[in-house]
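Below you will find one chain, with nothing else, as structure tokens; this is the form predicted on its own, and questions on how it binds or moves follow later.
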Amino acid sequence: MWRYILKRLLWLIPIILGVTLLVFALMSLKPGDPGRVYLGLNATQEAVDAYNESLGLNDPFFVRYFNYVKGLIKLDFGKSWVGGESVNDRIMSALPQTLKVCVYALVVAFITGLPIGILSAVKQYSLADRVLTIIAMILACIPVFWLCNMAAMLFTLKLHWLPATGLDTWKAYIMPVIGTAANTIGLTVRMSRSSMLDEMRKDYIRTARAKGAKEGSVIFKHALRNSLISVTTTLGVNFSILMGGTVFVENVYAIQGLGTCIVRSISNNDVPMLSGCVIILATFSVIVNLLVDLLYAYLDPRLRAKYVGKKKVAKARKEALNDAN
């Protein structure tokens, strides 16, 4: 098991390096003059050239990338081209807002989507199953920005129940969290339903029923645990989608998170700020996928047996060689 964990941890290094290289290359192709952005339109060309030289922008691409990676190792994302603000400080102030919304949305998607999917699978082809399946398909396909705007118009402008901006009170979290979780709820319902149906058709379920096991035990003790493998993988993959979806949600509800920071940096042609935000989002996505893989290994005994089995075989082979000698 530890070999599997170590292998997955080592894979993080080339993945994150590849992400940084891709982001840096794309940002290098972005048009714009950082010296002109920072110093303003009235600055002389000599001052602009001197500022660009101080940033090392006249160096070859791989020299600039190497220097950028050295800064990332020290957790230094550089300074903003607009105002000279530290990218680290801006990200550290914005990241907690985005993580709160995403984590709450993931929890809501799990505690609502999983039971609905189980109910839909148990009541297959019933009226409840058909209604829940239609609702899940609508939630999975509905545009996030449209849902957030409609929710703000209804619950803020017309009913005056919920605040429209910020995350100052618990009520302020309701619309952003539900708007972020809507698509994931629909996908979780569909995935949990299909996984439960697939498990309930297998031989070990029929064997458990033939032995007289109660239906609740068959569903929750046997079928649910095995179906959680697919559901967990889906939720882990969708965490990346949730963090990307906050770009729409945060701008609708004026939340000062990474999504708002990304939109502003694009508008201001602020490449260091944009690169830092994208790399942070990509890194969190990679880390969450790693945690999902580890949880997958915990839920699936076959994967654990694969690595434990190899270790036992190697040990037995070593003992056989010692006996032969």
Partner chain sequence: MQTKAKTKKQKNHGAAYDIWRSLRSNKVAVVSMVIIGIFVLISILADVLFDYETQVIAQDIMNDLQSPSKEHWFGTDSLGRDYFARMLYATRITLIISFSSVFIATALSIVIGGISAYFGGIVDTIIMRILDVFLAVPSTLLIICIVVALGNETVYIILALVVYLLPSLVRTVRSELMINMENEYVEAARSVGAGPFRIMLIHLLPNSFGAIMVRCTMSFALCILSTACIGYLGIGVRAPAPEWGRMLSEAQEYMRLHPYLITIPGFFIMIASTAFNLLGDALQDAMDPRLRGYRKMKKKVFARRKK
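Numbering follows the first chain given and starts at 1. Given the structure is predicted, the values throughout are model-derived calculations rather than measurements.
Beyond the structure shown, there is the form predicted in complex with its partner chain, which is absent from this document and is the topic of what follows.
For the candidate spot formed by M137, L157 and S285, every residue has a non-hydrogen atom within 4.5 angstroms of its partner chain in the predicted bound form.
Taking the partner from elsewhere, F248 is found to have a heavy atom lying within 4.5 Å of its partner chain in the predicted bound form. By the criterion of a heavy atom within 4.5 Å, G71 is excluded from the residues contacting its partner chain in the predicted bound form. Proximity of L26 to its partner chain in the predicted bound form: non-hydrogen atoms within 4.5 Å are present. Contact check for M150: a non-hydrogen atom falls within 4.5 Å of its partner chain in the predicted bound form. Just one of K214, R201, K211, K171 comes within 4.5 Å of its partner chain in the predicted bound form, counting any heavy atom, and that one is R201.
Contacts of stretch 262 to 293 with its partner chain in the predicted bound form, defined by any heavy atom lying within 4.5 Å, are made by I262, V263, I266, L274, V278, L281, A282, S285, V286, listed in sequence order.
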